[in-house]
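Here you get one chain, nothing else, as structure tokens; it is the form predicted on its own.
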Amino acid sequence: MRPFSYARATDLAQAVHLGRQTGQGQTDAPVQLLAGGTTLYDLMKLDVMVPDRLVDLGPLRPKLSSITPSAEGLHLGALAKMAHVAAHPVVQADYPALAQSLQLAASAQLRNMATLGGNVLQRTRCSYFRDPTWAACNKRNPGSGCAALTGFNRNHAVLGTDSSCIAQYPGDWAVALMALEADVSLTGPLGSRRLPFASLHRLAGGQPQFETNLQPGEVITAFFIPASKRAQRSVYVKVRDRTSYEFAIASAAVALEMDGDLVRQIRISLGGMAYRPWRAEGAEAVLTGKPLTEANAEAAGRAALAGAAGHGHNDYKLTLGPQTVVRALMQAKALPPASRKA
């Protein structure tokens, strides 16, 4: 790890001021915001990220860690710990996919340390990015190429990639946020704004060194998840090589509202298979207004992976992905109907 300077932000205004050169999701940004640090410290030790300054957001935690349910929805402070949110009874009862995505993430020790805001900003990365001895990594060295294209790419993405990068977004929490149509609140040098969570992460687009649409100095302050029957009848399914402390090789979040035997509304998102958290709108269209049968679920699974492309070692995801969607759909169907009013 290389030398760096360290500053503690005493309030949000100071955090924004100190973070003017912050580039969340940018390897070469000279300033990085520090929340739980569970990813940032790791990449700094590997000499992948070498910021000149860290701005510690820890002092902001008392004001940015609330868990506040209401009739309209769930407000979550960005510095709330993953473990605290996963254990909250209202989250478990009314937003089960959120609780499940957090419970299945990382390890108990990391969940006790990591924050919600830091978790969604973890780097889209792979083993080539994490190892500086590989020169060809457009995310780490723009214009150098992508070693994964012709290298070992078993865990890499099959959706949303291009020739500049095929890394997969590794998070779980973000996948559930996509399915529950969350919003994210931001504060930066130009003031505060709120945007759909689906707009936070970028595709590679030939520039994989830029991972989010955050402006320099912007700080994630909160998440809002609207209350709905779909949210109450939601699930998160994660498939991985081992049952703990492992990223997904395929995952799916489903939020479902039924009208008798018919699908009234549904939201489906994917993880472990895409460059960023991925909304499967084509799969939703296949099911809306139809019975949720095994055959229709299989058709939705195929639609969810429409346009997917394997790169050799990860071709198995083209089969595993649809199967994961089917599994999540059948689990959501088996849940009792939502109790909240329309």
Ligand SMILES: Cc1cc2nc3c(=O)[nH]c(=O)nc-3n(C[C@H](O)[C@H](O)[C@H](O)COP(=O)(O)OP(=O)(O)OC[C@H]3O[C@@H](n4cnc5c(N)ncnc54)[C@H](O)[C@@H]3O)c2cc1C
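Fair warning: this is a prediction, and the values are worked out from it, not measured in the lab. Don't overthink the numbering: it's just position in the shown sequence, from 1.
Quick note: we don't show the form predicted in complex with the named molecule, though the next part is all about it.
The stretch that touches the named molecule in the predicted complex, counting heavy atoms within 4.5 Å, is 216-224, out of 253-261, 188-196, 216-224, 91-99. Remark: Leu180 does not count among the residues lining the named molecule in the predicted complex, judged by a heavy atom distance of 4.5 Å or less. Among residues of the shown chain, Asn314 is not one whose heavy atoms approach the named molecule to within 4.5 Å in the predicted complex. Proximity of Gly272 to the named molecule in the predicted complex falls outside the 4.5 Å heavy atom cutoff. The closest non-hydrogen atom of Ser65 lies beyond 4.5 Å of the named molecule in the predicted complex. This chain is drawn without the named molecule; in the predicted complex, the residue among Val85, Ile249, Leu74, Ala78 with a heavy atom within 4.5 Å of it is Ala78. With contact defined as any non-hydrogen atom lying within 4.5 angstroms of the named molecule in the predicted complex, the contacting residues in 28-45 are Gln32, Leu33, Leu34, Ala35, Gly36, Gly37, Thr38, Thr39, Leu40, Asp42, given in sequence order.
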